[in-house]
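One chain comes next, on its own, written out as structure tokens in the form predicted on its own.
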């Protein structure tokens, strides 16, 4: 994914931050167990958010174990125990989304610019096949969305909502599958859709100057306004507000403080960070 679904550490309680880190480390360990030690480099905040959400909805966290970091054995850390396949699903989604993102990067770049991506692609291809064997519905959802996304981006000046729709649908379908009732599935779909839309448009806003310079596709390039940053902020805030409204309809159990922090503070903080860079400026 893109790495925008983050916490606001300053607003988290110490015990909540420790719990978040324990899920992050648990997902890292699962990536190494299910795929390879090198697959751990694909670990992202977005898939950690997915793991935290799954474990909260299912109430599958049964405690915490002390351990040591797999990358740095001298560093002590905690791992959140999970009683079902939340970690495995999040790990599978990680390698699947990274694989299809690599395909997209290859198609958007020339041979030499995409050489590094081409070198790592065989590894992710192998891991993606393994993940797809375990969770074929996840692979199909991401694959279908990529195809739809590419078709939209081939159009002449697609509308902003049209461009964001495929990625929004991907997270919506993934979240919807976790519903324990029809009403909860509908709420999860709406929350996932708005967060997926926000993530896609955040990535577009973040890459605006780079895409403009390189002549790459970016939906904001077709927006005519004198205050583009203000427009970006309004569009992104609209999605966050709708996601927040849907989130408040959910019954959240474990890790509620962490999820509250992310959607109330973490996501807006990341949005402000991206949009605070002036057009034409450097980060």
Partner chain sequence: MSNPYEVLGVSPGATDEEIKKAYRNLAKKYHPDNYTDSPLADVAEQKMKEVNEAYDEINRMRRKGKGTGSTGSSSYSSGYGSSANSKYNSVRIYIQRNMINEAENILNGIPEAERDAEWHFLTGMCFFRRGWNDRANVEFQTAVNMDPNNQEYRTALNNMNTQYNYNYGGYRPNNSYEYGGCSPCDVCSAMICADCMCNCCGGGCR
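Given the structure is predicted, the values throughout are model-derived calculations rather than measurements. Positions refer to the first chain, counted from 1.
A second form of this protein, the form predicted together with its partner chain, is not displayed here; the remarks below concern that form.
- At a distance threshold of 4.5 angstroms between non-hydrogen atoms, residue 186 is in contact with its partner chain in the model of the complex.
- Within 4.5 Å of some heavy atom of its partner chain in the model of the complex lies at least one heavy atom of residue 197.
- For residue 160, a non-hydrogen atom is located within 4.5 Å of its partner chain in the model of the complex, even though that partner is not displayed.
- In the model of the complex, residue 99 stays away from its partner chain, with no heavy atom inside 4.5 Å.
- Note that among 87-95, 189-197, 125-133, 69-77, the stretch whose heavy atoms approach its partner chain to within 4.5 Å in the model of the complex is 189-197.
- Between its partner chain and the residues 222, 64, 38, 244, the one pair within 4.5 Å by heavy atoms in the model of the complex involves 244.
- Here is the short version: of 25, 19, 263, 12, the single residue with a heavy atom within 4.5 Å of its partner chain in the model of the complex is 263.
- Contact with its partner chain in the model of the complex, defined as a heavy atom within 4.5 Å, is made by all three of 165, 233 and 240.
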